[in-house]
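Below, in structure tokens: the form predicted alone, a single chain.
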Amino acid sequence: MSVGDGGHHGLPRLLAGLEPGGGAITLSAHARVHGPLPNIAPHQLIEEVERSGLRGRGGADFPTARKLRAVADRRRVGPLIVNGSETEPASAKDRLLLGRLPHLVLDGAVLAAQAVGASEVIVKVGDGALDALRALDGAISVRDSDRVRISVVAGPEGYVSGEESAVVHYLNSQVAKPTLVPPRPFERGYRGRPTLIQNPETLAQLALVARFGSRWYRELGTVADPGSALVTITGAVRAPGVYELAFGTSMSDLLAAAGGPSEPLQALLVGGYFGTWVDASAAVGLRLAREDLRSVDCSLGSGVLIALGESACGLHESARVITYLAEQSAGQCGPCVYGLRAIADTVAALASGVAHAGERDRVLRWAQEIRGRGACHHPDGAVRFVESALRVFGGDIESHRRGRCGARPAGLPLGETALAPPRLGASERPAARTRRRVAR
């Protein structure tokens, strides 16, 4: 089958056929919207993905075709792992895809598995992702023509448990902690075999590229950043939720997609809790593009945009988040365990007004000392967040010391208070299970 026929022009693409407040789309409805699963040769798929410019949507922004080739060129390939852990508390895009559009993700997983020579797909989700578990169970049960075996595994939902080496470690040993790299999973992953790990959105995008081609994919976005992306927009906006937007869209249009700000804004957090605070006056002129975001030292990361209103206190909210991140350490590396705790305690003291302004410089020095010194990138992401918070909200430290902050809590989502946007819909929830495996 040749690629490049048909396809949705304009938006939505990934979210095409999704009805507000509905349940998981059926296989027949999925086929009506996107057409059948294409029969495409492995080398052709990888070449088409390369021409499309598709990059990973899990946060690392790595070229997808390069990752496919890294595994396809090896022998005795292990299963393809769909990393649907989504342990970023402010994100909901992967839960939306797995819970409402499971066939699109599974299409991409099956195609990618065939492209690299994998005979099995394992979908890893969090223990609490009950809607996703139910939807995947139902989707797998009706997919009779897939040439690979598909299974689902639920596991811990701690922040670092979603890191790809932690996912492999959990599948191998039931311990959801990151491991030192190298070797990376594509070199030695599941049961010691070369393993491809991809984010659900990456695979959903791949499924569309396989059907409609790279030229179609590049109809949206920019030359450097083609296509669309799912962005979870929350905070001080009128309609928080998951939105599909073309790369190159301005930040002001992103906010408008979510109903616009619910109050004047003071800052935007771009990229989630491993992301960067940007002053609102600088942020609104940016586009959803790597070049623009790099100009203010940030990236889209996990696809999260949090709007902070002027009525909230950025220093207090940042102290809450860094305390949460310190508590989420895997406990394996001293710089992460002790360094992040010291930083979190000091930022909390600055926010509470019980530390003098000079403590800010101490936090920044500690941040430099622990960067790059963990088994995973947890300390790196945490100190990036802290450095941006002290840059954007540092002017509030003195007023806090003098007891002049009367801002109300904004309540940025942490842990069990994670965002569940309206687009996910509501449904009857089954009894919780700590681990489940589903196979055809």
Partner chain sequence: MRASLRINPIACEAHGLCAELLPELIRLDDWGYPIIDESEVPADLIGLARRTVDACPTLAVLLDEA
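Positions refer to the first chain, counted from 1. Source: prediction; values computed, not measured.
Note that the form predicted together with the partner chain isn't included here; everything after this is about it.
- For a residue to qualify, one of its non-hydrogen atoms must sit within 4.5 Å of the partner chain in the predicted complex; all three of 178, 181 and 342 qualify.
- Among 373, 66, 32, 43, the residue placing a heavy atom within 4.5 Å of the partner chain in the predicted complex is 373.
- Between the options 170, 366, 247, 324, the residue in contact with the partner chain in the predicted complex by a heavy atom within 4.5 angstroms is 366.
- Contact check for residue 333: a non-hydrogen atom falls within 4.5 Å of the partner chain in the predicted complex.
- For the partner chain in the predicted complex, the listed stretch (195 to 203, 334 to 342, 304 to 312, 223 to 231) containing residues with heavy atoms inside 4.5 Å is 334 to 342.
- Shown without its partner, the chain has no residue in segment 8 to 28 with a non-hydrogen atom within 4.5 angstroms of the partner chain in the predicted complex.
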